[in-house]
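In the block that follows, a single chain appears as C-alpha cells, in the form predicted alone.
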Amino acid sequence: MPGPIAISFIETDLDALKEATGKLAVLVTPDGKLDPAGRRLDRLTRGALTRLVESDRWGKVKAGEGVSLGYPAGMAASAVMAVSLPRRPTVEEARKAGASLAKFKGTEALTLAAGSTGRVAELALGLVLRSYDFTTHKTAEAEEAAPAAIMVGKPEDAAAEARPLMALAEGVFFTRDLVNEPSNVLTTTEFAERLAAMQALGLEVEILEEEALAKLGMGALLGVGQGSDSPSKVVVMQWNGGKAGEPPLALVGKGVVFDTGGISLKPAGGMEDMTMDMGGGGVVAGVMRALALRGAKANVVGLVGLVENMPGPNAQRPGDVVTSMKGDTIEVINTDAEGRLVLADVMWYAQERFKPAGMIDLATLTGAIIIALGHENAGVFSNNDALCDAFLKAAKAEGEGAWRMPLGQAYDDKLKSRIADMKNVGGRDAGSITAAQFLQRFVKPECPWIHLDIAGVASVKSDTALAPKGATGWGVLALDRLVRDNFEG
C-alpha cells in the first residue's frame, strides 16, 4: 500500500476486539444503531457507546465525523472512536470517515470494525490520503508508521475493490511530494529523472533536451529558462493501455520549478511559495503514475515543460519578442507571465505529434484565479462543451472543486501587440481569462481542449478534508475519473 500507512483487510473477529492494541474504531449509523461489532464494543466499554449515541452530542455529529471515548477500561486498546456513517454512505461520506480515522489514529496502530458498511474501499482511500505527511527534510528520526487493519465480512473482495484506489493514492502522493519539494532539490534535471524512473511501471518516457527543443522551434519555452543555469526540458510520458492506434488523451503540465518572475521580479514576501509553480506538471506526473499502477485501458500521453524562471545576464527581458513552435511571434510584456509561454510550445508539440482525442493543460497560472475563486475551485476554460461537462462531472464525483469560466473575443482582443502577433499579457482585468485566451491561440480548432488554472488549489495554507496543509494533489482523482469514464474501452 502507498503512503505513510499500510492497510490490510481482515476477517471480522469480535473476540479479537478486546485484545486489539493501539486504537480501535467502530462505525455507527447517524441514528445510533449498533452492528454486532458495536454491540460487542459497547459491552467491553461497559455501555459507553450506548450512552454516547443516546446523548444529545451524537445528534450533532455529522456523517463521516467521529467521537473518541478516551481510554477504555478493561481493553488493550488505548482509545476507541465511534464514527458516524450510514450503512450505505456516499463516496464523500466514506472518504470523510477515513480522514477522521487518520487524524484519530496518529502514529498508533488502528483496528476498524467496519462490519457490512458499504464503500469500505473509499473509506480506506480517505484514511490513506489524510495520513500523508511530508517529512523528507526533517532531521529527527521519523517514527515507523503503524499499520491499520479493517475488519470486514469479505476481506478479499474489499482488498480487490481497494487496489485501484490505492494506485490513485500513490499518484496523489507522487504529486504532493513533487509540489512540496524545495527548488534546490527539485531542479529541472531532478524532476526529469523522477519522471524517467516511472519507466519501471510501464510508461514510455522521453526527455527532450534544449538542443532538441531549439530544433523544434520552441522559442517561447526556451526564452523563459534562458536566465537559469538549470537546463530547460520537456518530458513526454506515454501510457498505451488502450487500443493500438487510438488517439490518446493529452495532458500538458506547466513545470516551472521556481518562479522569481524573472526580470519582472516578484515581491520578496511569499516568493518562497513559488516552489509550487510546477504544480501542473506535478499533477500530470501523478495521473500518469496512477494510470500505470492500475493498468488503465486507455491511451494517455503526459507532457511536462520543465524550466526555471530566473533573472540573470541572459534572462529574457520585458519587450523581447520570441517565436513559438507554432510560428507565431509573442511580445513579452511581463516575464512573470511565463507559464503560458511554456505551455504554448508544449501544447503545440502535443497536437503536432500525437493528434490527441482531447487535450487538457494544467498550470498554477494566475493569481487572478485565486481572487476570482479562492482556494475552493480551480478555474476551468474550454472550447468544447462535451469534454468540459465530462470533466466537471468527474471533478464533482471526486469532490475536487472546479468552476467553468468564460472565454470570448473581447478578452482575446486585449492580447493585440503593436510589434508582434500577440502580447503575453492582457492587463490586470480578467487576468485569468486573458491567460486562457492566450493558450487557446495554440489550440487547433479541431482539438477539444480544457485549460485548468490550479493556482488556488495546488497548495494551500490550511488543512483540507483529505490533506494536511501544503500540496493537495488536486486533479489526480478527477482526471483519473475522466479517463475511466470517458476514455477506457
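Bear in mind the structure is a predicted one, so any value in this text is a computation, not a measurement. In this text, residue numbers run from 1 along the sequence as written.
Although it is not shown, the form predicted together with a small molecule is what the next lines describe.
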Listed range touching the small molecule, judged in the model of the complex by heavy atoms within 4.5 Å, from 239 to 247, 312 to 320, 183 to 191, 367 to 375: 367 to 375
Partner proximity in the model of the complex: residue 61 to the small molecule, non-hydrogen atom cutoff 4.5 Å: no
Contact test in the model of the complex: residue 277 vs the small molecule, heavy atoms, 4.5 Å: yes
4.5 Å heavy atom contact, residue 292 to the small molecule in the model of the complex: no
In the model of the complex, residue 425 touching the small molecule (heavy atom, 4.5 Å): yes
Site test, 35, 87 and 95 vs the small molecule in the model of the complex, non-hydrogen atom cutoff 4.5 Å: no
Single option in 436, 27, 49, 455 placed near the small molecule in the model of the complex, where near means a heavy atom within 4.5 Å: 455
The single option of 331, 400, 177, 336 touching the small molecule in the model of the complex, heavy atom within 4.5 Å: 336
